[in-house]
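Presented below, as structure tokens, is a lone chain in the form predicted alone.
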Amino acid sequence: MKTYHAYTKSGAEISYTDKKRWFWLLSSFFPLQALIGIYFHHITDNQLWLLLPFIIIYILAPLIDYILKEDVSNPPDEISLALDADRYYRALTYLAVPIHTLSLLVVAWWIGTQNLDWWAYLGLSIIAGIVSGLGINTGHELGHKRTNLEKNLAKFVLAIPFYGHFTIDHNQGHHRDVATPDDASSSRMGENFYQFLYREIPSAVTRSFQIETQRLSRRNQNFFCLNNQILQSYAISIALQGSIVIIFGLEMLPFLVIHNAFAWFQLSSANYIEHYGLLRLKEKSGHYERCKPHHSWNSNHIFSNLVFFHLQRHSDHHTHPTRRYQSLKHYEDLPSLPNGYLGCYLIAYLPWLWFYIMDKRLLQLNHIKGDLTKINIHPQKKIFLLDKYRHNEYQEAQESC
């Protein structure tokens, strides 16, 4: 373990040891889980082993999160600079990029060289997509940083699932409009995951293209130029996925389509649960209030944070977008998810269960207290939800005050 030392303003020496230092390796190596199933398929010739990652992702991970509970500890503010400067943590994000690439290539090789039943082909393709969805999270961490190396690595890892527009849309669109009706990546109360998916994915593409077009226009450049950040990543995607088709044949096209679709699906799963129903209010000036920690759903569940580069401390991320994952902090009285992201994805895929669990949590938040005017509500469900909750216990309590 490495111990960091610093001094407070009063001159007192403090020290901090990151007890999770070596466990952060899970974020880099978790994408290799598809290869575990391939290995067991190789030695047993039983194709069911190829589906093992489904059990790891959607059963074991949520169960481990439930057992280990949450970690609400924070590194001291005085230690943050030293913690951010530690190259070890950066190296783990760099390492994740070739690991994601390796994972895709090995799965493509296995699908392209083995005589798989249709269900095994489909299952392994979906798993490859889910793993590449984790790659978008790696791109998210890298894309928020200012160094050219990290920006270029973000373009490359986002190219694996053909999602090179993400950094533009996320950094300059989502972070600007988060928790408002203007943001397609912020889900609304009463909006189920599949409605959100249909709204978010095309909007993310169009918004990123608009932002990049405006940036290039200010430089007197057109959209189709070498300086286009989105097309640079798309070019890598074409080269990478085109090479897979050239090497293994046209039968790889369904695999790549499924892989890309489920990587995008994985990202939308995260986006859906991160800001559900939360709303930044408008100030007298007509502008939305500044984004605060309570405008994001947070999760301190240990295991899934260790495999997501601390993405689940999302409240601090939106408050300090450039802060590195190892330094993200927990705040008191935050909107809190009932499990880690992977467990919450399963809940979100069952809309009736999601609404049952999360609408109650949303209404009980201290900054809302049943006031539906402080919630980002799905327009098509507004009348229904107003009628449903107008006379609930929270609204009655509000009216009695």
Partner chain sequence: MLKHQCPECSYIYDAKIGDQFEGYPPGRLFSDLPDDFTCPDCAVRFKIDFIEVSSA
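Quick caveat, the model's predicted, so the values are computed rather than measured. Residue numbers count along the first chain shown, from 1.
Keep in mind the form predicted in complex with the partner chain is missing from the figure; the text below concerns it.
Trainee: Counting any non-hydrogen atom inside 4.5 Å, which residue from 195, 114, 171, 213 sits next to the partner chain in the predicted complex?
Mentor: None of the others qualify; the residue that does is 171.
Trainee: Tell me, which of 319, 101, 180, 203 has a heavy atom within 4.5 angstroms of the partner chain in the predicted complex?
Mentor: Looking at the other structure, the residue within range turns out to be 319.
Trainee: Would you mind picking out the stretch of 248 to 256, 180 to 188, 71 to 79, 321 to 329 that comes within 4.5 angstroms of the partner chain in the predicted complex, counting non-hydrogen atoms?
Mentor: Looking at the other structure, the answer is 321 to 329.
Trainee: Heavy atoms within 4.5 Å of the partner chain in the predicted complex: does residue 146 have any?
Mentor: Answer yes; at least one heavy atom of residue 146 falls within 4.5 Å of the partner chain in the predicted complex.
Trainee: Considering only heavy atoms, tell me if residue 282 and the partner chain come within 4.5 Å of each other in the predicted complex.
Mentor: Residue-level check for residue 282: no, no contact with the partner chain.
Trainee: May I ask you to check whether residue 290 falls inside a 4.5 Å heavy atom distance of the partner chain in the predicted complex?
Mentor: Yes, residue 290 is a contact residue.
Trainee: Any of the heavy atoms of residue 199 lying within 4.5 Å of the partner chain in the predicted complex?
Mentor: So residue 199 does not count as contacting the partner chain.
Trainee: Since the partner is left out here, which residues of 212 to 250 would have a heavy atom within 4.5 Å of the partner chain in the predicted complex?
Mentor: If the 4.5 Å heavy-atom criterion is applied to the partner chain in the predicted complex, 212 to 250 yields 215, 218, 219, 229.
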